[in-house]
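Just one chain follows, in the form predicted alone, and it is written as structure tokens.
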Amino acid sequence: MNFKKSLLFCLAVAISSQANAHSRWLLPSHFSLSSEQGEWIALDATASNEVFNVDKALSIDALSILTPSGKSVRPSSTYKAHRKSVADYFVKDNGTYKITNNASASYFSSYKVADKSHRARVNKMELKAHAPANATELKTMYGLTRVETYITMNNPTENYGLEGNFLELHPKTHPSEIVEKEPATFAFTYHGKAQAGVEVEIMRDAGRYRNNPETLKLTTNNDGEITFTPAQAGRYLLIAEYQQDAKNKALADKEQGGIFLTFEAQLQ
């Protein structure tokens, strides 16, 4: 899987290989916590060429925390710097929290004029009025990309906050129970149905210190599932993408769903 799109346009409509373009991620200071009094966590949010090495700060205006009770809350405080944005949150209740930084589904269009590429955040009908008469290769994508992670206080729970639209990840193996050298399974749905053919990349932290990035590339089976075995304990970034023809051809040529998920594999 090799995606070569620019950050501003295609991170919202296509997922990019780490070797070629920026990826987005949320990185918590802790994935698993154990406390009777509660604990603070910090969250970094950035786009970068290398896994977990900060580069360009992401807006975290849409950052949301789904608590074990099913309530959506905001972080305690946020700050956007040049290289990364930072949020913190006091984790009090037992269970698993899903943290997301998702934008709304959007249209993105592209075209060429004299071999020069242009892009616009408009749908297919609006593109006809936006692009000049001599424009060629007009294309429109409609998509939603999810940026998410999970943390657990004490005992894991399974309130994953699934919405039933675009591409979503269903942890068959709980994110807080992934262990090195043991198989883990994730399932993917598209508009609520199990989706075969989702392309997935999984990358371990500290790739800049290895000649081989050790990227694991997988494709979901007919049940929409992948199974992988983390070779080592540590932090991982999963990138997934699925595309299909748009249902409303008047507004878009293709539609797409993408996911950036960070998780941790624990020591045996």
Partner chain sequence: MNSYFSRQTTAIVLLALTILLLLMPIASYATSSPATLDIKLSLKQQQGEYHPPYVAAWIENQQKKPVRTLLLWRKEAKWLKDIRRWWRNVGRKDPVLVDAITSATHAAGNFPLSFLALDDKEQPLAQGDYTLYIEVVREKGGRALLKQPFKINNEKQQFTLKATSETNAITFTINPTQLP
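Positions refer to the first chain, counted from 1. None of the values given here were measured: they were computed from a predicted structure.
Here the subject shifts to the form predicted in complex with its partner chain, a form of this protein not shown in this document.
Asks: 137-145, 169-177, 119-127, 75-83: which one contacts its partner chain in the predicted bound form at 4.5 Å, heavy atom to heavy atom?
Replies: Stretch 169-177 is the one.
Asks: I'd like to check something about residue 57: if you look in the predicted bound form, is any of its heavy atoms closer than or equal to 4.5 Å to a heavy atom of its partner chain?
Replies: Result no; residue 57 lies far from its partner chain in the predicted bound form.
Asks: Residue 100: heavy atom within 4.5 Å of its partner chain in the predicted bound form?
Replies: The answer is no: residue 100 has no heavy atom within 4.5 Å of its partner chain.
Asks: Given that its partner chain is not shown alongside this chain, does residue 33 nevertheless sit within 4.5 Å of it in the predicted bound form, heavy atom to heavy atom?
Replies: So residue 33 counts as contacting its partner chain.
Asks: Is residue 155 near its partner chain? Define near as a heavy atom within 4.5 Å, in the predicted bound form.
Replies: Flag for residue 155 set to yes.
Asks: Please pick, from 39, 223, 214, 61, the one residue with any non-hydrogen atom lying within 4.5 angstroms of its partner chain in the predicted bound form.
Replies: The option sitting close enough to the partner is 39.
Asks: For 242-268: residues with a non-hydrogen atom within 4.5 angstroms of its partner chain in the predicted bound form?
Replies: Counting only heavy atoms within 4.5 Å of its partner chain in the predicted bound form, the contacting residues of 242-268 are 266, 267, 268.
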